[in-house]
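Below, in structure tokens: the form predicted alone, a single chain.
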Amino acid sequence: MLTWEYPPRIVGGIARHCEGLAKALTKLDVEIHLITLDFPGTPLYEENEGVKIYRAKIEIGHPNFLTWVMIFNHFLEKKLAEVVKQASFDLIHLHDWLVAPAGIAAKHFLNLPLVATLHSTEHGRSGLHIPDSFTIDSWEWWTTYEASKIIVTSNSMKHEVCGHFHVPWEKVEIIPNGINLAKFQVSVDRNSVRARYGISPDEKLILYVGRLVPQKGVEYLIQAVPMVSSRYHNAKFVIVGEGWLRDYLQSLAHSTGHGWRIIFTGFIPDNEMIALMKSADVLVVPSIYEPFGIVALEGMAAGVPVVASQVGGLSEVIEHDKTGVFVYPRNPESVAWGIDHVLSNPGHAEWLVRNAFEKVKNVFSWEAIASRTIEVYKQVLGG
């Protein structure tokens, strides 16, 4: 298995996806050798819950992201060449375009079938406007061409991949993201968690967790702040995550006249993120593009009411007014309505939380998802 991010290197949802899948596959007697990038303070090799993790030392950097991706693929290939001297493999499973060059090279020099999980597309994320985007788009097409099977996490993503890359429908399998419920079954002192962010017990905590990039739609939540605050004078907004849009979003927050209500935390560790989710009154997922939306699952597992844009995979994870609340994308008024719908109906909010937890438990366990992934492996191996 090849991935550019794996805990503790966490950039987006791919790290958590690969960790959950790899550990669940190992429990079902699949031997996983996972190759990823190095990270400060972590060993170059370790075993974690049966997963054999190899970290390639990336010896050269570059300010251009695409150039750096090419560089780190070289070092991933070197690490892979070391690993194949120690073990034999039945197939290669790569995650997203960022490790495609190493994965495709391995397919050819080991003469093994290739499975690729596409977590999103450049066309959907940001559109094709600059040379780097066209290169990434071509890279993604190359991945779909070389793979024996493609895994996507939602029906909307399958339509996107098949339509944009002209991939045969039967080549693409839908297997959703999963979640480790046990991580969220922890007790937290809500008041002390809130106090760390300057929020008192009687204030309403409205939370966002995710990257600060355009496709996540954070600006529409910020634009909704004055509308929410006009009804809930005790509302506070916590925005968790990093991204290149942060300076703009902080400036936008200040321009609302309610900047004092909006707290930007930057990146926080998983255990703190879970504690914050369990201490929030609402989790808002205002994305304008979301192939799956694992943060919505995390909120459902943590027991916080979820308000989300009705886009992409989110529309397949949440049932409106049963396991969460849908709002219109790119619409601050609708976001404000969704938040109010939850805060003004505490009994209904508790019912949503109960329904959401049951759905996560029954549909999105990693064991179920690993079993479906094994079926794809068997197909490409002819078994």
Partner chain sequence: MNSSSLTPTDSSLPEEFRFLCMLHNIGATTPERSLTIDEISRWVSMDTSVIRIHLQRLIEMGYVELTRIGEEDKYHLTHSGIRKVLTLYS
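Everything quoted here is computed from the prediction, not taken from an experiment. Numbering follows the first chain given and starts at 1.
Here the subject shifts to the form predicted in complex with the partner chain, a form of this protein not shown in this document.
Colleague: Taking 4.5 Å between heavy atoms as the contact cutoff, choose which of Y248, W141, Y232, F264 touches the partner chain in the predicted bound form.
Modeller: Exactly one listed residue reaches within 4.5 Å, namely Y248.
Colleague: Which one of E203, E173, E146, E242 is close to the partner chain in the predicted bound form, taking close to mean a heavy atom within 4.5 Å?
Modeller: The residue in contact is E242.
Colleague: Residue-level question: is L44 within 4.5 Å of the partner chain in the predicted bound form, judged on heavy atoms?
Modeller: No, L44 sits far enough from the partner chain in the predicted bound form that none of its heavy atoms falls within 4.5 Å.
Colleague: Is there a heavy atom of I32 lying 4.5 Å or less from a heavy atom of the partner chain in the predicted bound form?
Modeller: Contact check for I32: no, nothing within 4.5 Å of the partner chain in the predicted bound form.
Colleague: How about E350: is it within 4.5 Å of the partner chain in the predicted bound form, going by heavy atoms?
Modeller: No, E350 is distant from the partner.
Colleague: Within 4.5 Å, heavy atoms only: does K361 come near the partner chain in the predicted bound form?
Modeller: So K361 does not count as contacting the partner chain.
Colleague: Even though the partner chain is not shown here, does it sit in the predicted bound form so that G198, P226 and V342 each have a heavy atom within 4.5 Å?
Modeller: No, none of the three is in contact.
Colleague: Looking at heavy atoms inside 4.5 Å, which stretch does the partner chain contact in the predicted bound form, given the options 51 to 59, 333 to 341, 352 to 360, 317 to 325?
Modeller: Of the options given, it is 51 to 59.
Colleague: Need the contact residues for 129 to 155: heavy atom within 4.5 Å of the partner chain in the predicted bound form, sequence order, or none if there are none.
Modeller: In sequence order, H129, I130, D132, S133 come within 4.5 Å of the partner.
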